[in-house]
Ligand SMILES: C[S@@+](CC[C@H](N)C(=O)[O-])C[C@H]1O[C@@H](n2cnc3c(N)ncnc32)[C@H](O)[C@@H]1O
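To begin, one chain is listed below as structure tokens, in the form predicted on its own.
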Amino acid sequence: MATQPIDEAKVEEFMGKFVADMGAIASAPLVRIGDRLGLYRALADGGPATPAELAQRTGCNERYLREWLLNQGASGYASYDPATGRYFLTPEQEFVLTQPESPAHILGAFQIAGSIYADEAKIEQRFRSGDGMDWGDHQHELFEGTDRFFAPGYRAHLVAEWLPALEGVVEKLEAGTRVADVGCGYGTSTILMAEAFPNSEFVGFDNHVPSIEAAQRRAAALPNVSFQTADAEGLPGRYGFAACFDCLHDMGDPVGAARAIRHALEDDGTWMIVEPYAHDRPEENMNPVGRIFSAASTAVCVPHSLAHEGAALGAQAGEERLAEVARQGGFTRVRRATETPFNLVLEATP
């Protein structure tokens, strides 16, 4: 059997990709350690430090910190001054690594990755069996990590950009209406809207009890927000506005959820669908953002939908498929209201 000639330049290019990927894979647990032990925070608060100085600040072992700092410098997650032997964070590194309110805060993504690695054997077994894996069957790091990953984007865009991109919704929220946040998780999106629009009443729904309990704790001081455990297909009450944040594609019956939301909406109501950014064709999603979301989709999103005998839309469903879900659920008009590099924002109206 004849073999095709090997292009050595392409092999070298591929090996360069491997080296970069392997460095990221091996370093990811060290980023998590730096997050949990407060090492980035200590560098930001105390300024440049040698390994010994950082050890004094944090109570960690100097020898481990020497190697950790070298790795972080090589990764570009810290900077190094050879004249003083000290490591430090640039303003940009601080912005990304130590400021939870920053729209570019990334540490939640490493929690998600850690949970996927912890569940690797479970996920592999399901490749063979075809069984699903419910959201609640994952490591708890997934729940907190998902909230930490998406929350910066919600803080930066939800009230300032996404809601104003919808027709007449801000005015309705300012005047006062009832709002359903379906698949609310830890409630960050619900709370942000409730704080911005005190005249409206917000109800967050999720079928994951620990997430609802976390959301209730967070919102204890807010008079206009509450949280309930419920499936999207069994949505109670009537609402002037409804939203789904990065969750419709996970659902077992997204069309059923759309139908339930349509039934719960007032005749002039609006449904905002926020989903991971994706194009409609596979080849268009073969990029860094598509790589992240398709990995999460393989390990988390599709398994959850299959656990509920669902459609398994996946996190790269794309606008066309999402719009069709809304139309099948009874919405007659669906448009792209706005977007970010990580999210599509669709507006669906009856």
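Since this is a predicted model, take the numbers as computed values, not measurements. From 1 onward, residues are counted along the sequence shown.
This next part talks about the form predicted in complex with the named molecule, which is not shown.
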In the predicted bound form, does residue 232 come within 4.5 Å of the named molecule, counting heavy atoms only? yes
Residue 279 within 4.5 Å of the named molecule in the predicted bound form, heavy atoms: no
Does the named molecule come within 4.5 Å of any heavy atom of residue 183 in the predicted bound form? yes
Can any non-hydrogen atom of residue 146 be found within 4.5 angstroms of the named molecule in the predicted bound form? yes
Heavy atom within 4.5 Å of the named molecule in the predicted bound form: which of 224, 71, 207, 93? 207
None of 251, 215, 273, 258 but one has a heavy atom within 4.5 Å of the named molecule in the predicted bound form; the exception is 251
Listed range touching the named molecule, judged in the predicted bound form by heavy atoms within 4.5 Å, from 183 to 191, 76 to 84, 116 to 124, 166 to 174: 183 to 191
Since the partner is left out here, which residues of 154 to 173 would have a heavy atom within 4.5 Å of the named molecule in the predicted bound form? 154
